[in-house]
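Coming up is one lone chain in structure tokens, specifically the form predicted alone.
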């Protein structure tokens, strides 16, 4: 069996309290001894209530947050032991799509500049034709190259964010609540796009969401997080059919039966 594209072992993250009421305290434990993995070509859904630690865990998976303890490995490499050059190579292989596309894109840069910066950061150049093809592959089209973020809708901006994530052909995309700021119909379009990428290009996904309905439809396996810990994992259908942990049962009971529109 091949090595997982992502493997997190006994990972914890404690934020120190700074001054004020937090002085003298141990701080806040956002993630507490979590172990999980994502297989190659798999979509793992990470679900939990707001404040459960899932976004912190997602950022540790990408090296944006440094764990207090534990190990994070991508392609078998311990992120904590990587040099600056090694971290740059990691960014090629592990990309991220954030919740708010408008906040994650530079308002002073056109879509062309945003995409060009991805290649420039890795010492590469690209052509207009290649950038146009990249945008065409996710929907907006070449006409968007000259636009600024405020000149596009939320759905089109998130497609641009997906294009940015795809630019260097990553093996893993971490999608942290990528559709929660979008309308329901647009949300379905973006999620269907991500599902197509998994199927057609074999990209692995770590889907992070508070919405179990989304996780059910677009993930092969589910990990349920509560108060910084993973309380249940299993195949998506199995988790929905027979949830074992009280937190999972509560999430399932609160999830509408209707599927997202196609």
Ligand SMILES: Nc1ncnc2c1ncn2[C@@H]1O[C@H](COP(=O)(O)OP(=O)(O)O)[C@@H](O)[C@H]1O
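Residue numbers count along the first chain shown, from 1. Treat the numbers as computed from the prediction; the structure is a model and nothing was measured.
The form predicted together with this ligand exists for this protein as well; it is not shown, and the discussion that follows is about that form.
K.L.:
With this ligand left out here, work out from 231-239, 55-63, 213-221, 198-206 which stretch has heavy atoms within 4.5 Å of it in the model of the complex.
P.N.:
Heavy-atom contact with the partner occurs in 55-63.
K.L.:
Applying a 4.5 Å heavy atom distance criterion, does residue 30 contact this ligand in the model of the complex?
P.N.:
Residue-level check for residue 30: yes, a contact with this ligand.
K.L.:
Do residue 42 and this ligand share at least one heavy atom pair within 4.5 Å in the model of the complex?
P.N.:
No.
K.L.:
Hey, which residues along 39-53 are within 4.5 angstroms of this ligand in the model of the complex, non-hydrogen atoms only?
P.N.:
The stretch touches the partner through 49, 50, 51, 52, 53.
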